[in-house]
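Next up is one chain by itself, shown in structure tokens, the form predicted alone.
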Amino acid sequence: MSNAYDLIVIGSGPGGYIAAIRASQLGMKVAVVEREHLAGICSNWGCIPTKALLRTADVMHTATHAKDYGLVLEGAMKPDIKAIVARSRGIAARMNNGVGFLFKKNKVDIIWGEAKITKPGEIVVGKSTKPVVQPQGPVPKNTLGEGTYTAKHIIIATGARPRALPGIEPDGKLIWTYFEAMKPEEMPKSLLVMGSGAIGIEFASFYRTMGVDVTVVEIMKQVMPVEDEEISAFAKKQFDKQGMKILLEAKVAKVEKGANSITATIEKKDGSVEKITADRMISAVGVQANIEGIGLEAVGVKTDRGFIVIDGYGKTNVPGIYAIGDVAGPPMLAHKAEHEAVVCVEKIAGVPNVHATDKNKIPGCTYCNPQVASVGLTEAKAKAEGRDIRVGRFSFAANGKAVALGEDQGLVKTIFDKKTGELIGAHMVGAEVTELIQGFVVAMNLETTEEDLMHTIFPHPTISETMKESVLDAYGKVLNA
């Protein structure tokens, strides 16, 4: 097998494997270098297996409220953590195998090991320092040997890993990252979560639904700090009702470890100090890009604040070297990586009319209970930009489908440019809003105005009707509130 390729992708996560497949479709000879497992963090330890856990939490939540639906469940319901974890890990394995099948189908070669760029157009692959987990079933012929490989184009898609705060480093036993939180050997009775971003609040939601006493510590003034303030406040009220304890504008200053518990010293904005003891702690203070050891310094690839600097097409400052996904900066989302992958490869291939990635139109989703989803500007950011805006709101409590589902706690908020009628932001909290947000994303990409949305017929009864009603509310035309 020749060691020369048109494109080599370093990393097989959502960005990497999509880039490889799209390049193969466009007639390129492609290889992917992977040091650990196909499909990356998202499918193995992030997006997919966490949703499996949260699905269990959804079923648990519904079952414990069976009486509200006129059903009687006999006997106590309790989680079987070993079975829950086994289901989640099985789903992760299935996704891993699926990427192997796609590589076979699209004639993408796999090079197992760790890659280092030695010069533009060349990489050296050494033995992996991670345990290699090869997929089961038919996969392409693997290039297992260490060696030198060449390619006209190299895409870096090495992703990110959990960030650790000095003095509060995860140890895998008492202080967890999302890796350990996803596969506990037993269910803790109490849990402290440091950070209320998507990762932190999703795990807090899962464990609280499983009956764990959960405390969340957030240094910012609101949970899920990147979300619209009003949506965040609505979500917090629901978390409070569920018995979750949330400390805002507070930080974990110190953690003392016991034999089977931790005691955290919490410093609050008002200067007071609180000590909290919990069985386990999750460190969810963000992630950092995997930029080390891949030869960036040697070839002069520019980085900034720990991320590779790229343009809207994934190009770095070094010709022939590109970067996509988490390693290239926020938002740290799988679907952002996938989109960047397609844009980057199509630009390389000379596909006409390729548009640069517009980060203002990338939706964000948090799969807690209630779910949170958003796209575009928050109300605060729109005002900070000096935009003259109209804001519409509609409550799930006035939506027939939500009421029938027993999911009437939700809110949709839309933000329009008052002069042009352009939809510039949409923010949602409530049941299945992670599925609904795409309607607003499509509308923004099509440069839809409020008039277009008002004349769109939404099916009844659906929760999606809240979307139209929020638009109507922004223009004083709301019908069901």
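So that there is no doubt, residue numbering starts at 1 and follows the sequence shown. Because the structure is predicted, anything quoted here is derived from the model rather than measured.
The next section is about a form of this same protein that is not shown, the form predicted together with a small molecule.
Each of 14, 324 and 367 places at least one heavy atom within 4.5 Å of the small molecule in the predicted bound form. Considering the small molecule in the predicted bound form, the lone stretch of 212-220, 159-167, 407-415, 225-233 in range is 159-167 [heavy atom distance within 4.5 Å]. Note on contacts: among 301, 402, 199, 310, the single residue with a heavy atom within 4.5 Å of the small molecule in the predicted bound form is 199.
Taking 392, 188, 195, 113 one by one, only a single residue has any non-hydrogen atom within 4.5 Å of the small molecule in the predicted bound form, and it is 113. For residue 40, a non-hydrogen atom is located within 4.5 Å of the small molecule in the predicted bound form, even though that partner is not displayed. The shortest heavy atom separation between residue 36 and the small molecule in the predicted bound form is within 4.5 Å.
Looking at residue 10, you'd find a heavy atom of it within 4.5 angstroms of the small molecule in the predicted bound form. For residue 444, no non-hydrogen atom is located within 4.5 Å of the small molecule in the predicted bound form, even though that partner is not displayed.
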